[in-house]
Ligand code: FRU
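Have a look below at one chain only, the form predicted alone, in structure tokens format.
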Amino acid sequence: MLAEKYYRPLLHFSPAFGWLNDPNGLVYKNGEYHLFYQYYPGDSVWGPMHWGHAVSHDLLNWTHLPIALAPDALGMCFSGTALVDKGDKSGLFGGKDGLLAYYTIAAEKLPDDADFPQSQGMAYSADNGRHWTKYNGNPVIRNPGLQDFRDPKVFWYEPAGHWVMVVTQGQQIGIYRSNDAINWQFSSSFGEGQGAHDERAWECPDLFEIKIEGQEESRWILIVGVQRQAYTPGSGTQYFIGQFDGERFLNDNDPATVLWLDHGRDFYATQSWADIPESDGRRLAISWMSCWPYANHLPTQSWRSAMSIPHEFTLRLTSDGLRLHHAFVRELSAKYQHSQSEEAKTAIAGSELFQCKWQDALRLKLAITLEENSCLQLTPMPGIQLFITTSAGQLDLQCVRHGKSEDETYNQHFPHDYHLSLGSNRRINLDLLLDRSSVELLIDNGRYSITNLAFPETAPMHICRALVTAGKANADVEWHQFSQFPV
């Protein structure tokens, strides 16, 4: 394997040291994007959970701040949310705006416990997140007798004039409401018989309203993590499209319909930013770029795990119905160091369509047309290959990832080989973002998102190469190299 320094992402957020997992408390206030995250500073594997904290003005350059929340006598600080209390509805800020944070209090696991006893806590900050005070009446919601009761997401629901919390309750999502942000009442639950389940609890819910692109009508999106049996084996994120009245969520689709937010192996615990200004209007989100079966065994030592690049979500009408679409955050374009494009490149079986060298990070945009019974092999970096094939009028993507280290768990779970059907089109658009240890792919203007880690075993300088192995292919190619900047 390469030295650890070559795996430190250029574009993606990673901890200065220690362990990182779920993004928490994403909120915008006073010109700053706040990123809190599950953090263990004492080791590069999962441990007693803190809330790490960083801020950014552009979603790409991050300033690390001191730990926001740390374990106390009540327990560890698991995942949660942060938001602006506009107009001091909680009465905690002397009439001014302040920040509220909700997190899961995870008490110490005793020898006979099946899991951590979990309840919901609250903290608040009057100085834009630099200092936090835990509410002295914690927990604000006690455990109702559940093994899994965690990951609260809270927002203000204007039509009814109350706060809403969605929280994991085992295989379901509990919905609570509050008039003062402190005293909570149970409203309803969602999840039984809906979507994808495995033997473990759902995790990291998010609920937000989003307009249908080109229409005045909107829908509500409920995001839920599946721990072990997602689209590909391991952790993954699904979403539901429906209606919400402040107390109940109703799924627009058949309960058996499963919508995956990402079809790769490393896109989990997705959360969206609260309080983005109306003048911006974007629904911005970020995910933990890892997967639980091998997360503790990745080939870094002083630090472990990173976040995905921030995404912009839109809701669009497709032939399959309404579907979320992704775009890499537009701020990326300001970081281009060198750009190049080539039009109408054509290749036949056995010949190369294009290649480009890159070292730290590369964005590659392709418009590809494949003749029937053709195959394009795209190798963005050593250790990962994408095969795009046409057969019987259908387009198929195969993703193959290799990986080997001295860790047997990594060797067992990290390699993969999976397929994704892309429908009947023979012309597709690819937006490929390569960083030192990740490959993020958006297909058909963001209709499909595919996120995978990759840890090349040799050379910090790589070649991204496309080879036609059968039939004939044509492509317009555009690539952008990135300048060095701090992360």
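We number the residues from 1 along the sequence you see. None of these values were measured; they are calculated from a predicted model.
The same protein also exists as the form predicted together with the ligand; that form is not shown, yet it is the one meant from here on.
By the 4.5 Å heavy atom rule, the three marked residues M49, S79 and E203 all count as contacting the ligand in the predicted bound form. When you look in the predicted bound form, the only residue of F414, Y268, W273, F190 with a non-hydrogen atom within 4.5 Å of the ligand is Y268. Interface residue among W292, Y239, Y231, W184 relative to the ligand in the predicted bound form, by the heavy atom within 4.5 Å criterion: W292. Remark: Q38 counts among the residues lining the ligand in the predicted bound form, judged by a heavy atom distance of 4.5 Å or less. Among residues of the shown chain, R150 is one whose heavy atoms approach the ligand to within 4.5 Å in the predicted bound form. Within this chain, N21 lines the site of the ligand in the predicted bound form, having a heavy atom no more than 4.5 Å away. Residues placing heavy atoms within 4.5 Å of the ligand in the predicted bound form fall in a single listed stretch, namely 41-49, out of 434-442, 56-64, 41-49, 449-457.
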